[in-house]
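Below: one protein chain in two forms, given as structure tokens, structure 1 then structure 2.
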Structure 1
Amino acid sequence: MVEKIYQWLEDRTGLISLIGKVAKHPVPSGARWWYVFGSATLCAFIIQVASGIALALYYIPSADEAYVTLQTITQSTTFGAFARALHYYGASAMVLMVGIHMAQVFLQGSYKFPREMNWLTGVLLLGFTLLMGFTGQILRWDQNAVWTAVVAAKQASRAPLVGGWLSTLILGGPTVGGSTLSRIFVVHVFLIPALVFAFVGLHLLLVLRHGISEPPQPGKKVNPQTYRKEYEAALKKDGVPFWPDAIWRDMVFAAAMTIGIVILAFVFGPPELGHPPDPSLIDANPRPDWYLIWYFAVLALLPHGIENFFMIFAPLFAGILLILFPFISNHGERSPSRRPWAVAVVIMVVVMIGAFWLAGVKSDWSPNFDPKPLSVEVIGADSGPIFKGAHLFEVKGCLNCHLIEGDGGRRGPDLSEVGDKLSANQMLLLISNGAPNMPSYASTLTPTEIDEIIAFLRSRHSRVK
């Protein structure tokens, strides 16, 4: 009976023998742990689809309800918080795996002939992955998310010629609102996932078509005229069946990653929702999730003069470079030991992203909205003008931008020893008139208050004297 059903299925679809053929297809022996990151990315994507569907069961993409539904999901649905956490750590894993997979393909020259299209479809998948991360963060629709959308639209509006049109396309109108959320939702839930499915299919088809690249050997160059023949011959000689000789590593790694994601989700839970969106809070300071925060740092640290230019052309340039890449060099050495430049490029990119990432995490350029109050010990007085000045320094927001003995913000200079540096008159001018990136306080502080603050600042001296 089972045999009959099997026969019928095979006869009507041909799927069983096809799957068998794919599973048993020979791959080069010696394919090591380096090769597991592609399948791990796919596994992370599957986790995203599953947890994403779970979230979409409850999520309502309307400006009035999105935030509330997320709160409901987090607080009162069974496994809701866990589904959100899975989706968050799954996204993190997917971005990480895509990055490592790409670095590995680049380092080992696997993008060279005949696998140029594997690389190209991979570059598109990288772009889709980042777009998913970005749009997903906006779907949280908290203060942070709404401002991220605004910043994205502002950035897009700086493009020459099509800028206004692009910004309207993102926002669904002239300003951020309900139609923005609907659009981002459609892009995140229908449009990009459909593209990802299609391109993952194509990517895998190409992997089957050209075979998994053999581990590179120094001195063994890729020659487009002879590569395919050599590859076939090597497979005949010592190829191993994909199932079970090669796939077990993929499975072990994907399982370990999945367990890691589940543990993280379980222990740390979902990312906290920010405040509900409030369009009147214009000084909110959008911060993307960790895997995009380095780009946010790049934008924050750019000199103002080249900002417009950079915002549009840097991503464009990077994209075009990645796309053209396999056509610039599709033959020759594959081994990283013979391609010092490739190694240098990867190290440089990692160091650069790492440095900007650190800067983004610290984000010294944005005020510290939650500084510790100054202690009486630090102030050095518990009454009188100095004490009053210190109190004003806190409540009028100076401490948000300035450090006093290591406490406060880093937007402006450290004022711990400013008494050594500036006279009372210089301080008066600065505080009344403001400075680049510092507000003027002439209209918000009374002359007595300014005098008290100056008394406080004049008391700040270097302690070794």
Structure 2
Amino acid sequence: MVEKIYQWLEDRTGLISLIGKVAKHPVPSGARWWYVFGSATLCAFIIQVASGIALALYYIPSADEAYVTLQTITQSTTFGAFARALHYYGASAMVLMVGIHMAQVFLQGSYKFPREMNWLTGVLLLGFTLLMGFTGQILRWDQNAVWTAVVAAKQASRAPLVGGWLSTLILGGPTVGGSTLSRIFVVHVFLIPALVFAFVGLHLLLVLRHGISEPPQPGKKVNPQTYRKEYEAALKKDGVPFWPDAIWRDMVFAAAMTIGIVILAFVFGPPELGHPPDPSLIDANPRPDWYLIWYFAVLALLPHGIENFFMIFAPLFAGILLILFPFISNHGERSPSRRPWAVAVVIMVVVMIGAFWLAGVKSDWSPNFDPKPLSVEVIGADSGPIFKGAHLFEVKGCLNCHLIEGDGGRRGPDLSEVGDKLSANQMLLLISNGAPNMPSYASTLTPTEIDEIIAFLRSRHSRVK
């Protein structure tokens, strides 16, 4: 009976023989562990689809109910917290794998003739992956998510000519609201996955058409006139079928990655939900998930005056460069040992992203909205003008941006020893008139309150140890 069912399906569809041909397509025998990251990316995407479907069964994309449903999923639904954690760490794995895969393809020159289109579809899949991660963060619909959507819309609005249209497209209207969530939900759940499925299929078709690139050898150059014949001859000489000779490495690595995702989901759980969304509260510090926090740091550290130019043209320039690259350099050496500039580019990008990532984690430029209150020992008094000035320093938000003996924020200068640096008149001018990134307090503080804050700051001197 099984044999008859098999024959009937094969006769009517031809899928079984087609899958067999695809599985047994020859690959270079040297395609080993460096070639597993593409399959791992696909495996991570499958995890995202499975866990995303599970979450979508309970998630309600409504501005009034989204936050509550996520709390219910996390706290009350069976395996709900695990599903959220699996989706989060699966997204992290997908971003990491597609990044490593792109770096490997670039280092080994696998984007060269005839695989230019393979590279272009990979660039698009990288963009879709990052966009899927970004929109997924907004679907948490907590305070951080709402302000992330606002910041994204504000950045998009800086684009010339189409800025207003882009902002409205993101928010679904002039301001953030229920239409924003509905729009982001459609993009995250339907549009981006559909594009990923389509371009993954195209990417795989291109891999089957042109074959997996052979490991690069120093001195062996890509010549578009002779490459196809040389590649076919090499496959006939030492090529092996993808199934079962080569696929086992992909399966082992994908299984190890999946186990790692599951362990992280069980041990650390899902990302914590912040406060319920309230766009009227401005004491928020929206931050992207870890894989985008480096770009968050780049934007925060931009010199004043070039923000608009950088936000618009830097991503555009990077995208155009990635798209044009295989057409600029589609022949010649592939070996990293003969292409030191390629190795230098990858190292530079990794170091740059790592440095900005560390800066983003610290976020010294962001106010600290929950600083530790100043103790009597730090203030140096429990009554009088100095004590009152310290209290005003806290309640007026000065401590959010300035450090006092290690407590407070880092957005502004450390004022632990400001009494040694500024006179009372200089302090008065700064407090009354403000400074770059510091508001004027002349209209919000009485003369007596200003005097008390100055008394507190004048008491800040270096301590002899």
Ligand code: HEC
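Computed from a predicted structure; not experimentally measured. Here, rigid core means the biggest group of C-alpha atoms that superpose within 1.5 Å across both forms. Numbering runs along the sequence of structure 1, starting at 1.
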property: Structure corresponding to the form predicted in complex with the ligand; result: 1
property: Domain reorientation between the two structures, expressed as the smaller rigid part's turn in degrees; result: 9
property: Following rigid core superposition, Cα shift of N400 between the two structures in Å; result: 2.6
